[in-house]
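Encoded as structure tokens, the following chain is the form predicted alone, with no partner shown.
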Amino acid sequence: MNTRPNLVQLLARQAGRAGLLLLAAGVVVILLRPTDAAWWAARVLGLAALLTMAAALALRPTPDRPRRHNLLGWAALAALLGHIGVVAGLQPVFWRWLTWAVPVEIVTGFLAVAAFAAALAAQRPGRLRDRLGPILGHRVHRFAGYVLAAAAAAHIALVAGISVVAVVVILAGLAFLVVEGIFRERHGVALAATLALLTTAVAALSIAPLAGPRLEALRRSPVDHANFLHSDHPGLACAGCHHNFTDQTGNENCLTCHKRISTIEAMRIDRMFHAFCGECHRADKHAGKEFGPIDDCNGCHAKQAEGEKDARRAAQ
């Protein structure tokens, strides 16, 4: 009797459970990090979407409990729609990012939404399911689920200011979950190729030659989107931000200098300063001091948006 297939299936199931536990641990690490009250709901709903989708993948439907998978899937959909609604409703500045220079983390977020739509379309009655048939339809449904989990994990890991520990744990959990899928799927090679192709496509947006022209608009954009006010930051050492005064590299605005450094995605000017400002505000909160916005887009950018509205009204 050949026990190797049974052993592979057992190891695959254990890998899926390990991945789910690691993802849950990463979620806990992220939830323990301070954030703004307005952003808390978006964070909780987004993390809930990732965790419930991962659970739906790791805890597949069984003959004795066929509804468990479906309930987890619908819970993931509800959490994802809630996350999108909170971001769109509470963070209207978010829509300014939807340009050719859109950050990769938002691209992966949209990819997750598209994968969820594909998973639903392949499983629910309709034209797509009728064309695919039940066997291929189930395969597309499962593949889309793994793409969704991978895109959601990347979306979270790439957010500016996320802790290194959380990134490592989330990506490790995703890796175990993908290993489970590759070994348990009858077409594991096709699943691996699909995920590798999508990873390559997303990575291509972050490096030359695509990153250069894609981020050129960002380099030409106004120097200070957040309309930074020095009067809101009394008591800070100037050199803490304006290091170019101490290293004698120049005396221009810090953003003007940093925009010249690179157009590589990993060195985006907006990600760099989102992390810098957010961590400074977070440190002030830990120290019990008065602190500024941590993740709240409008908290820093609202004044700029109000100024643009006033300018439009004056032009009319």
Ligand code: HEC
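One rule holds for the numbers: they count along the sequence shown, beginning at 1. None of these values were measured; they are calculated from a predicted model.
Below, we turn to the form predicted together with the ligand, even though it does not appear here.
- In the predicted complex, the ligand sits within 4.5 Å of a heavy atom belonging to residue 276.
- Among residues of the shown chain, residue 68 is not one whose heavy atoms approach the ligand to within 4.5 Å in the predicted complex.
- Taking non-hydrogen atoms only, residue 164 never approaches the ligand to within 4.5 angstroms in the predicted complex.
- In the predicted complex, no heavy atom of residue 85 sits within 4.5 Å of the ligand.
- Distance criterion of 4.5 Å from any heavy atom to the ligand in the predicted complex singles out 255 from the list 255, 44, 59, 29.
- Across the proposed site, 19, 116 and 143 without exception lack any heavy atom within 4.5 Å of the ligand in the predicted complex.
- The partner is not drawn, yet in the predicted complex one stretch among 186-194, 86-94, 72-80, 173-181 has residues with heavy atoms inside 4.5 Å of the ligand: 86-94.
- Using a 4.5 Å cut-off on any heavy atom, the residues of 280-301 that reach the ligand in the predicted complex are, in sequence order, 280, 281, 284, 290, 291, 292, 293, 294, 295, 296, 297, 299, 300, 301.
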